[in-house]
Ligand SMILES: C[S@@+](CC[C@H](N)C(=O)[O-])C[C@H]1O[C@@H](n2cnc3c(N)ncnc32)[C@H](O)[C@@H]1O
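What follows is one chain in structure tokens, specifically the form predicted alone.
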Amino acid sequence: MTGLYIHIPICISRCRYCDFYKMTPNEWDNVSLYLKSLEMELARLPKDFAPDTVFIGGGTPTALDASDYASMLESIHRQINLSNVVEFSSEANPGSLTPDKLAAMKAGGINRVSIGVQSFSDKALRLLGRTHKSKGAIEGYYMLRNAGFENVNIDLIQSVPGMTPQDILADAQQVIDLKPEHLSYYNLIYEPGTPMTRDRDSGRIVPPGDDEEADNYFAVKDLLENAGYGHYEISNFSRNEQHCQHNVLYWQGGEYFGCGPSAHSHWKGKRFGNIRDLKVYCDRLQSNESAIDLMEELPSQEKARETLVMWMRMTDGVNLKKFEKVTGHHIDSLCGKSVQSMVEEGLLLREENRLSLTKDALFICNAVFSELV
């Protein structure tokens, strides 16, 4: 499988925890120039490129108005062969959803929407700097359903300071009551330079301890699984195996192009990333120059180890024959001693043709992965 990622570097406001590249309307108001530049970049992709998945992320794609969103989709259709696409996703924020935007998304082929709820607690939403409230998140979800979207993901953030175990289970229960096809349940990461990180470092907020985080994680996991959600990746759950195919492509070492400022690609053994500056990105494209600011080609073994730890995020683990076919490396020659040691410690489970994390290792997976790379 191959994928296409489109980065929309525009947000109505800045959330207090986020360090993804974006601009607010008072910092950038020339959306039409960005869309023209994006189409120019799309036109440079290989003529035989026909992705299986497309994912529009950000930023906030739904920060675009309906006509601009429709224009962007038209550019994708003009420049990219979409005949193989099985999943066409877009992120959305509850506060920027409108019926006319959803109609444009539907008409343009979007068949999966990921709505950034983050929490159903108004107190947590204020701390995170989100612009919507719990009521608005629920209304946004039903707006998606009324527009005919049958594959919906809800994003939640775990370990928000100040939330009790009861608050956390209430968030998960609200998801169960809404019945989306998919849930992404990500840990709050304190990125350098963000207001949340400054608050933590100054003592204004106190994150939960590791044991509390683990207890909450497994309590939510049990609640979701008992409600019919399969836990298929460390941070992701789905009903009826409706996995996010675009993310599975990432986790299993697939190839993809990323377009837009700060977007990254992995193609033909090379990784490259666009400049993290919207104005410079547009200037370069308009001047017929490359937007790429970073390029590297990992040694074969290093790339294989990277693929291994990404693939290990999936709870089914790594199909070792498929891994060898994808990477050209057998697991034993790559990191056999480390694998055997962690099998003996009860952190990894190795069956005839599969390697996976044990349940005990799910919450400490980063420590496991550091031993494999």
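Counting begins at 1, following the sequence as shown. As the structure is a computational prediction, the values presented were derived from the model and not from experiment.
The following text describes the form predicted in complex with the named molecule, which does not appear among the structures shown.
Suppose contact means a heavy atom within 4.5 Å; in the model of the complex, does that hold for all of Glu39, Glu74 and Gly108 with the named molecule? No, the whole trio is out of contact, none within 4.5 Å by any heavy atom.
Just one of His266, Arg284, His243, Arg130 has a heavy atom within 4.5 angstroms of the named molecule in the model of the complex, so which one? That would be Arg130.
Of Ile157, Ile234, Val220, Ala137, which residue is found within 4.5 angstroms of the named molecule in the model of the complex when only non-hydrogen atoms are counted? It is Ile157.
4.5 angstroms heavy atom contact with the named molecule in the model of the complex for Asn274: It does not: once the named molecule is placed as it appears in the model of the complex, Asn274 has no heavy atom within 4.5 Å of it.
Given that the named molecule is not shown alongside this chain, does Glu191 nevertheless sit within 4.5 Å of it in the model of the complex, heavy atom to heavy atom? Looking in the model of the complex, residue contacts with the named molecule include Glu191, since a heavy atom lies within 4.5 Å.
4.5 angstroms heavy atom contact with the named molecule in the model of the complex for Asn187: It does: once the named molecule is placed as it appears in the model of the complex, Asn187 has a heavy atom within 4.5 Å of it.
4.5 angstroms heavy atom contact with the named molecule in the model of the complex for Phe363: The answer is no: Phe363 has no heavy atom within 4.5 Å of the named molecule.
Per-stretch contact check against the named molecule in the model of the complex, the hit in 171-179, 222-230, 251-259, 90-98 (non-hydrogen atom, 4.5 angstroms): Heavy-atom contact with the partner occurs in 90-98.
Is any part of 343-359 within 4.5 angstroms of the named molecule in the model of the complex by a non-hydrogen atom, and which residues would that be? Residues within 4.5 Å: none in this stretch.
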